[in-house]
Structure formats: structure tokens, C-alpha cells
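Take a look at this one chain, the form predicted alone, written out in C-alpha cells.
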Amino acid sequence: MNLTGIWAAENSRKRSAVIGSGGAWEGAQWMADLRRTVQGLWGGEVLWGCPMARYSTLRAGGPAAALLEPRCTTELAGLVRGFQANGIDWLVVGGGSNILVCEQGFAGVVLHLGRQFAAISKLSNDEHGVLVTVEAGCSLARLGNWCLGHEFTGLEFATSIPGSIGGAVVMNAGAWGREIGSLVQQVTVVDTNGNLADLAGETIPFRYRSWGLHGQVVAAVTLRLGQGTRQEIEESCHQLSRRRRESQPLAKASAGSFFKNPLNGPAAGKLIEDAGLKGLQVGEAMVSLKHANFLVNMGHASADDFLRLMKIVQEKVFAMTQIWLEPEVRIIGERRK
């Protein structure tokens, strides 16, 4: 499975597409206006025309008009508020493990939550376990290592999965029969107007690969974990890592599981394999020979390579089974015709 790289509700004042406007964005004047507005809202570094392949585990994708890296919830909320007021399209990206920006790019601002937005703190512990609060940009790998050092158990199922805790919550990330939603006690969110709110975990309608909410950005998560021993936690992580290495093509750039499993019937990987599609290649994007639900980058695959391969897989599986595979990967922008 894969974790999300996108947590934001897109700006509600969209111009021409669900997530982003295509083509050459909207001309020199539009770009000049965007620069002026962004620089009026943000005093930090701005990456203009930023290639989003750098921020995707697929290592493919077109550019964003601009990319910023807020360092705290206050900065994140202020930027969201400012973009909303000025009608600027925006989205939030974390680990980038389930995003693919189309070749034409994203005509808006990407807010990247990374290492500067990744604090971890222990709140309290009682007979029910320990409460740990994590900022949304913290990678699962870093959080797992922190838990190991403190001998906190419960997150072992996420061992070796790329992505960030914010994305994991939005996707209700799961593996080996566990899901992150079962650990969530509270989520601090920013809405599309830049307002902060705390949501109790029990009020969030978690379901398969979704937290069931829209219009909110995850800023921080409080998890309830258990107390274990370092030896037990290390042994569990080692076993799960070994199983993942044996069954998944970890040596190649991918987004993890590319398609959602159908609610009824065989898993997506089984359907793709039964359709004889292992090894199918478009450009430098390929259906993995090791796990058919992994579309991998063989070197320099483009977003178009992945999108064409995705479509072929969907059509061939549908022709055989009448099941249309829905991508887990979030496709950003619209393809040119």
C-alpha cells in the first residue's frame, strides 16, 4: 500500500480544473500577478516552476507554478487564508508517495510540509497507553525510529512504508491488517479559510484508503500507542520489512500500490497479473514483475508514460472482469488532448 502526499482540500475558487489549470498556466501577466501575491504573503524562499518529480516517489511529474515550505501551523494557516482570499489554487504535499503531477504542471502553489514541519512530542500516558502528538510533515520512518527509541508500540505495521503521518491519516494508511485510523485520538486541521480546529478521532469517519473528510488540511495528529520493549518492536519491524522486501519492488521508484483494491473480489494486483500485464511497459514506466499493483519507474519515466500505462491496465482489466480499477495515486492536473 502507499501513503498519501496530498492532504489539502483544493481552493474552492477554482478556475478551470478540479486541481489546477493546464497549458502554459495563464500567461505572463498571470504569473506576474501570482508572484506579486505570493511575495506579499510569504517572506521565505519560493521555488518558482518547481519540478514536482523531486517531490514524488514516482520520480516523475510536471512543474508547480510555485512551491513553499511553511514551518509551523500558524504559517500554514496564514498561507491558506491568503490564497483563499486571493483566489489562488493550492494544495498540500507531504512525502509525495501517492501523487503524480501531469506533464503540463500545476497552475498554483504547492505547500510542502517536510522536515521543518515534523516535531514529535509525548503528551501523557495512562493504563490505556501513551499519547504522542506528531506534526503532519513527519515521515513515518522518522516517527517509527522515535517510537523504537522510546519503546512505544503500535506503528510497526507501517515499517518501510514511505510517506508522512499527515498523508497516512488522510489515506487511512494500512498494511498487514492494520490501519492508522485505529490509533488516531485527535487531528488538528486547517480548513480552507485558514481556521484551526481539533477533531476527535472517534468523530472522523475512517474508511478504506480515506479518512472520509474533505476541505481540511492535516496539521498535526495525536496517536495512542502502547508500551513495549525495544527487542519486541525491533523483531516485529524486522519481520515486516523482510516480508515487504520479498514481495514488493523496493529497488525501483514507485508510489506503492498504484490502484485501490476493489471492495469485493480479488485484489488489484491479482486482477492485473491474471490479465497478463506483468512486465507491460510504456516508455520507461512498467508494471512490476514482482508485484503487479506496482507501476515502477525504470529510469526516466514521464508522467505521460505512467498515465498511458495506467489507462491500458484499467482497460484490459475491465475487458476481462468488468471491474474498473481506481487509482490510489492522486493525479494532479489535466492531460493535454
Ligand SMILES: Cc1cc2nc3c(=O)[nH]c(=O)nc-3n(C[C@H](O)[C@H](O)[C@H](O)COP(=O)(O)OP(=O)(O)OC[C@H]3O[C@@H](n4cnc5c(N)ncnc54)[C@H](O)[C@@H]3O)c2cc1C
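Just count from 1 along the sequence shown to find any residue number. On a predicted model such as this, the values are computed, not experimentally measured, just so you know.
Below: the form predicted together with this ligand, not depicted.
Heavy atom within 4.5 Å of this ligand in the predicted bound form: which of 174, 82, 262, 201 fits that? Just give me the one.
By the 4.5 Å criterion, the partner-contacting residue is 174.
Within 4.5 Å, heavy atoms only, which of 122, 230, 244, 71 is in contact with this ligand in the predicted bound form?
Only one listed residue qualifies here, and that residue is 244.
Quick one: which of 208 to 216, 101 to 109, 222 to 230, 145 to 153 gets within 4.5 Å of this ligand in the predicted bound form, going by heavy atoms?
Heavy atoms within 4.5 Å of this ligand in the predicted bound form occur in 208 to 216.
For the three residues 93, 96 and 162, verify that every one has a non-hydrogen atom within 4.5 Å of this ligand in the predicted bound form; reply yes or no.
Every residue of the candidate spot has a heavy atom within 4.5 Å of this ligand in the predicted bound form.
Answer for residue 293 alone: is it within 4.5 Å of this ligand in the predicted bound form, judged on heavy atom distances?
No - in the predicted bound form, heavy atoms of residue 293 and this ligand never come within 4.5 Å of each other.
Closest heavy atom of residue 297 to this ligand in the predicted bound form, within 4.5 Å or not?
Although this ligand is absent here, residue 297 would stay clear of it in the predicted bound form, with no heavy atoms inside 4.5 Å.
Residue 186 versus this ligand, in the predicted bound form: is there a non-hydrogen atom within 4.5 Å?
Residue 186 lies outside the contact set for this ligand.
Contact of residue 248 with this ligand in the predicted bound form (heavy atom, 4.5 Å):
Looking in the predicted bound form, residue contacts with this ligand include residue 248, since a heavy atom lies within 4.5 Å.
For the heavy atom contacts within 4.5 Å of this ligand in the predicted bound form, list the residues of 245 to 264 involved, in sequence order.
Sequence-ordered list: 248, 250, 254, 255, 256.
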